[in-house]
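Next comes just one chain, in structure tokens: the form predicted on its own.
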């Protein structure tokens, strides 16, 4: 299904943040954020991360994910200001979507990423129509684990050597939120 057939990617609003489609003028903020050693440590962003990577992400990868049935969003605070991060739902399969995110340095620890994950997950369950949203989190990534739990995800267990990160097999904690789970704040 193409962008034309699916329509335009929506903008989603939470208590603290807005999730909106990426724009070409976001490339500089993406480039700056993805220089962060923590983003490079916990995500699959290329290392070194170049201007071409950032431009390709906002102008190529994000629209492609939308065309394939998922969505990548820029996360910004409701009152404006600097980019909070990225929030994405990868194209669902068999009613299951996988979410992924990163948070820009200096924007962590404020509850914005958990709010963004709640908003994305509610949209995936209610509008996209998946019955399950999953996260795969490195067991040592305590910040990401806290975000998942604050967004209503439950840890279902550690899957040993499930993920190939920078060429090395690594363990992940599988988190999930189901359409039938109690909503955070409900």
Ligand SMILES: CC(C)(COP(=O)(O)OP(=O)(O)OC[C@H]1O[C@@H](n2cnc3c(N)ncnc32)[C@H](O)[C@@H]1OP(=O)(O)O)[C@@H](O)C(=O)NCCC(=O)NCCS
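Quick caveat, the model's predicted, so the values are computed rather than measured. Residue numbers count along the first chain shown, from 1.
Beyond the structure shown, there is the form predicted in complex with this ligand, which is absent from this document and is the topic of what follows.
Asks: If contact means a heavy atom within 4.5 Å, which one of 49-57, 156-164, 36-44, 121-129 is the stretch that engages this ligand in the predicted bound form?
Replies: Flagged stretch: 36-44.
Asks: With the partner absent here, would 13, 20 and 83 each sit within 4.5 Å of this ligand in the predicted bound form, counting heavy atoms only?
Replies: No, none of 13, 20 and 83 comes within 4.5 Å of this ligand in the predicted bound form.
Asks: Is residue 65 close enough to touch this ligand in the predicted bound form, meaning at least one heavy atom pair within 4.5 Å?
Replies: No, residue 65 stays farther than 4.5 Å from this ligand in the predicted bound form.
Asks: Using a 4.5 angstroms cut-off on non-hydrogen atoms, would residue 111 count as touching this ligand in the predicted bound form?
Replies: Yes, residue 111 is a contact residue.
Asks: Is there a heavy atom of residue 143 lying 4.5 Å or less from a heavy atom of this ligand in the predicted bound form?
Replies: Flag for residue 143 set to yes.
Asks: So in the predicted bound form, does any heavy atom of residue 30 sit within 4.5 Å of this ligand?
Replies: Because no heavy atom of residue 30 falls inside 4.5 Å of this ligand in the predicted bound form, the answer is no.
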